[in-house]
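Heads up, the chain below is alone and in the form predicted alone; it's given as structure tokens.
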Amino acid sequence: MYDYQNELDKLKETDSYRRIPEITEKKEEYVIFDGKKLLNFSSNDYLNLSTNEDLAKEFITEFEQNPELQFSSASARLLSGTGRIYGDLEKLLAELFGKESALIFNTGYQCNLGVISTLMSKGDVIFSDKLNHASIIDGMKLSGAEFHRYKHLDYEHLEELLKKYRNDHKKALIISESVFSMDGDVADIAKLVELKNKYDTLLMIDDAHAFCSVDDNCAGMSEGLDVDIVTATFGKALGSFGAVAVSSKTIINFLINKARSFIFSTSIPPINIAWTKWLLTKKRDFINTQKHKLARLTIAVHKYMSSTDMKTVSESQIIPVVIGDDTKTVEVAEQLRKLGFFVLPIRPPTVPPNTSRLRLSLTANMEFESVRTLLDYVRNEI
């Protein structure tokens, strides 16, 4: 039998061993960890919706007599794990994104995996930003298509690859995140549209970290642009669970018939679907209020960092502080917890070797002074 324990021991020796944190409670912008209340910088709950008790109580009161709100779908969508509320949410999402149709997936990972591996196959070619999410990389591998990864946000390099490889293949696809999950920088989607039209490719944008956090109308960052497929998650800024692909009717119908991560998965419980729809319809004003708070905080933090020697490539609420060394990154994260900040170290293989970092996720209810205190400590340590 293969010695898996030996592999685990090697991870421990290089400070790369992962453990699930023992969080006992989450409330607004805080977590209770190891018996201490810590300001949570390791969440994607950018608008602090998922832990808002008042919202939860209002939702439960409004829907407690609704027979649709079951806690399990008990089946896949193509069997009995569906209902009117699923179609209603998909129609709403298609309208929000300005597309013909939408399809709900269980997670962002399953969504990207399913879309890419279904639309592309052997004989096709994919062009992917070097720092795209693991779900995109795995989807490309599963598709069987040839793929090339262009230098991060380097559209001259992308065009070189398009010139070299596009004409040798049937279908072609360009994929990019909008807001990148580890660096917080932003793609030039208009440029990607220009290149996709010039070289006759499809264009897919992953809006996971932009949807309802930095976009204008909960319509992603591709609003008004000729993007063929947009994917987005409900489990980040929207504080819910699930994901969606929006596109043409033809592409969505193709996914319904061919995407294995959709076809063979028990669907999201109806109560989660109802919560997502309720937030997007009944609580848009509150979402906008939280979004504006997050925007003000983000601007203030970026302005402060630019006034110091803490330069960052980030253009969003995701702010990486690259330390480099794995051990040092873990040590700084542990010290921050003692100071009242919950910050988890991000290490390879999540990020490239020698780029271990603290990934700071700003959320709407944080106070600038708390963020500045954290940044000042980190400045003195690196």
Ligand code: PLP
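Computed from a prediction, not measured in an experiment: that's the story for all the values here. Counting begins at 1, following the sequence as shown.
Beyond what is shown, the protein has a form predicted in complex with this ligand; the following relates to that form.
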Tell me, which of 298, 265, 107, 101 has a heavy atom within 4.5 angstroms of this ligand in the predicted bound form? 107
Assert contact residue (this ligand, in the predicted bound form, non-hydrogen atom within 4.5 Å, options 73, 117, 201, 135) equals 135
Answer for residue 177 alone: is it within 4.5 Å of this ligand in the predicted bound form, judged on heavy atom distances? yes
Can you tell me if residue 290 lies within 4.5 angstroms of this ligand in the predicted bound form, counting non-hydrogen atoms only? no
At the 4.5 Å heavy atom threshold, is residue 242 in contact with this ligand in the predicted bound form? yes
So, in the predicted bound form, is residue 208 in contact with this ligand at a 4.5 angstroms heavy atom limit? yes
Could you tell me which of 119-127, 233-241, 215-223, 278-286 sits within 4.5 Å of this ligand in the predicted bound form, going by non-hydrogen atoms? 233-241
In the predicted bound form, which residues of 337-367 put a heavy atom within 4.5 Å of this ligand? none
